[in-house]
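The chain below stands alone and is given in structure tokens; this is the form predicted on its own.
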Amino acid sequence: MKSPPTVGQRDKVVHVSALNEYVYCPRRFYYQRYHDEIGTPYELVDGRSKHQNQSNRGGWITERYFRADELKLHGKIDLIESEGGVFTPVERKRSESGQYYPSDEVQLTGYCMLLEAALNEPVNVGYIYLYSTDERHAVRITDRHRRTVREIITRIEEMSVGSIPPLTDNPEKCEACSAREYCMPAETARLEPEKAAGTGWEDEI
């Protein structure tokens, strides 16, 4: 019988939510991973509350944990639908903007890959449900999606505490970022302009 993984072993695999966080901003992910300086933002608390409320509707079976060492990936899927023997993961998002983002597609792909590893069969479609519009969107998972997930896992594995990722290429992401007081993008761009070269902050100063 296979022994359950220890905490140390679990740290060697990437949590699916980390894929989303890395795509949003590698620098923000760096501060979260190595300095635990993100705190608990309002959006996360509100999202957890919505997840809890949603999980009580209709007696849905939700939040199933999966781990695949061969993928170096683990995570908890919000909801898995089963229809005609076809299993489809659903990722639920708060999304005040009423739309989902490429980072959400990457996260959903990670869940599809975990599910297909568990089932030993392809999972080529997943859904992103948006609380703000009460709509869900079907996403067809392609080989390009899967390659992106593997590339991000490799980048996360190659991260080190001594190498801080560059500033984001989209300063709008910084406006509500909970890591901003540690990242200090504006201050960095003014005081160390060489670190802003080639980023979205280069033209903001």
Partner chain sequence: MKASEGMYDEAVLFVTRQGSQVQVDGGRIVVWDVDGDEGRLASRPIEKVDTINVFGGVNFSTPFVAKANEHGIVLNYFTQHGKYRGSFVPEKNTIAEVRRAQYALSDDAELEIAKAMISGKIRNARTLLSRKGVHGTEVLKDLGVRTEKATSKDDLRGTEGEAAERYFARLDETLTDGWTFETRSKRPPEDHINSLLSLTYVFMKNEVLAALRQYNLDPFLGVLHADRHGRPSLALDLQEEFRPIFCDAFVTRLVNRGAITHDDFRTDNRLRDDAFDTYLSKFDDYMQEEFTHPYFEYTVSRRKAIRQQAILLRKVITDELDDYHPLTFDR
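The structure displayed is predicted, hence computed values, not measured ones. Residue numbers count along the first chain shown, from 1.
Unshown form predicted in complex with the partner chain; subsequent notes refer to it.
Asks: Is it true that Tyr24, Asp143 and Ile152, all three, sit within 4.5 Å of the partner chain in the predicted bound form, judged by heavy atoms?
Replies: Judged in the predicted bound form, none of Tyr24, Asp143 and Ile152 sits within 4.5 Å of the partner chain.
Asks: Any of the heavy atoms of Glu158 lying within 4.5 Å of the partner chain in the predicted bound form?
Replies: Taking the distances in the predicted bound form, the answer for Glu158 is no, it never comes within 4.5 Å of the partner chain.
Asks: With heavy atoms only and a cut-off of 4.5 Å, decide whether Lys173 touches the partner chain in the predicted bound form.
Replies: Answer no; every heavy atom of Lys173 is more than 4.5 Å from the partner chain in the predicted bound form.
Asks: Indicate whether Ala197 is a 4.5 Å heavy atom neighbour of the partner chain in the predicted bound form.
Replies: So Ala197 does not count as contacting the partner chain.
Asks: Does the 4.5 Å heavy atom contact test between Arg147 and the partner chain in the predicted bound form come out positive?
Replies: The answer is no: Arg147 has no heavy atom within 4.5 Å of the partner chain.
Asks: Does any residue in 187-201 get within 4.5 Å of the partner chain in the predicted bound form, counting heavy atoms only, and if so which ones?
Replies: The stretch 187-201, when checked against the partner chain in the predicted bound form, contributes Glu187, Thr188, Arg190, Leu191, Glu192, Glu194, Lys195 at the 4.5 Å heavy-atom cut-off.
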